[in-house]
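Here's a solo chain for you in structure tokens, the form predicted alone.
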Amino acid sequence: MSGSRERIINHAILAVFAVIAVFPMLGVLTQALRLPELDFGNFAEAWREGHFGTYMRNSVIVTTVTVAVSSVLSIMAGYALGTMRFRGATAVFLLFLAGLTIPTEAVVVPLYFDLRSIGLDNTYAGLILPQIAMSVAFGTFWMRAYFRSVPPSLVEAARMDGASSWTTLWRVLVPIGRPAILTMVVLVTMWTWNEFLLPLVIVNSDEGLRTAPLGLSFFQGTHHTDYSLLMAGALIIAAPIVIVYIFLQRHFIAGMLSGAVKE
């Protein structure tokens, strides 16, 4: 097959998948704006009736704390497991990997009873702590792979210049690992923002602590026939993640293409 024909086929396949991905989004946007009349009133009505201001605030708090804490812990754990040799390192890494393999559905019920026994159900801490634990499992795996891809000569040069392990991490390795770190931040932000099952189980009696996806679910239950209002609510909930991705897409793509996961 010639190069030009192969390129045409590749572009055709990509165009088909692009249409499949974009078509539902155009349908949502058309319904929300009531095209061709172009009515923005659905967004204001959905925001007011759906109490999305409160739910978005809760999601911002949970996502910000989860991403910040899990990123710092993941960088430190990944650095230790990726650059240091100590007894039990493999066992510790396998323990982190176990966190990636256990589905949320398998632990959410016993987790709820554990949190309730110490008074953390229907609290921000009850929402944040489990998601930090789940995010650290992925983040440690991701950052360990990055630190193992760093040339050992770079770490040795820093040590010869008198840098401590702490200085080597935060002043040498973290700045050059920005694409890998920002890719991890984008992924954890999306997963935390879109988390539905944990808030549904843990925040079961305090409406004021519902997160945005959970609030959208209850909003759908009360307006299941008003599609324009539902589409407007869905766009409101999706907007922050789209904005984050737009701002960080260059670093995100660079992190994915640079082979952030190398073994």
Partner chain sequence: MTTVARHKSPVSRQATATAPRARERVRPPGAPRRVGWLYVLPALVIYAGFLLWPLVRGAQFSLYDWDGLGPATWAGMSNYSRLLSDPVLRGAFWHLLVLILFYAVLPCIIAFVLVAAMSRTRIRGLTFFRTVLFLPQVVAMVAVAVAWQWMYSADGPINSVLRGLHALGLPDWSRGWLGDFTFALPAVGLVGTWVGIGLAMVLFLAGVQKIPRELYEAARIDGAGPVREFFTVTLPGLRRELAVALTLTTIMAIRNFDLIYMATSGGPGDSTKVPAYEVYNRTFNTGEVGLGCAIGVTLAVLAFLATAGIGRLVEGRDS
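Just so it is clear, the structure is predicted and the values come from calculations on it, not from any experiment. Numbering follows the first chain given and starts at 1.
What comes next is about the form predicted in complex with its partner chain, which is not displayed.
Visitor: Suppose contact means a heavy atom within 4.5 Å; in the predicted bound form, does that hold for all of A21, N194 and I237 with its partner chain?
Guide: Yes, the whole candidate spot contacts its partner chain.
Visitor: Counting non-hydrogen atoms within 4.5 angstroms of its partner chain in the predicted bound form, say which of L173, V188, V136, I181 makes the cut.
Guide: Contact with its partner chain in the predicted bound form is made by V136 alone.
Visitor: Would G53 show up as a contact with its partner chain in the predicted bound form if we use heavy atoms at 4.5 Å?
Guide: Contact with its partner chain, no.
Visitor: How about N122 - does it come within 4.5 Å of its partner chain in the predicted bound form, if we only consider non-hydrogen atoms?
Guide: Close contact is absent here: in the predicted bound form, N122 is far from its partner chain, nothing within 4.5 Å, heavy atoms only.
Visitor: Heavy atom to heavy atom, is W47 within 4.5 Å of its partner chain in the predicted bound form?
Guide: Looking in the predicted bound form, residue contacts with its partner chain do not include W47, since no heavy atom lies within 4.5 Å.
Visitor: So, G41 and its partner chain: in the predicted bound form, are they within 4.5 Å at any heavy atom pair?
Guide: No, G41 stays farther than 4.5 Å from its partner chain in the predicted bound form.
Visitor: Heavy atom within 4.5 Å of its partner chain in the predicted bound form: which residues of 4 to 26 meet that condition, in order?
Guide: Read in sequence order, the residues that approach its partner chain (within 4.5 Å, in the predicted bound form) are E6, R7, N10, H11, I13, L14, A15, F17, A18, I20, A21, V22, F23, P24, M25.
Visitor: Relative to what's shown here, the Cα pair E195 and H251 differs by 3 Å or more in the predicted bound form. Does it come closer or drift farther?
Guide: Closer together, by at least 3 Å.
Visitor: If the C-alpha spacing of H251 and W191 moves by 3 Å or more in the predicted bound form, is that a move closer or farther apart?
Guide: Closer together, which means the C-alphas of H251 and W191 are at least 3 Å nearer in the predicted bound form.
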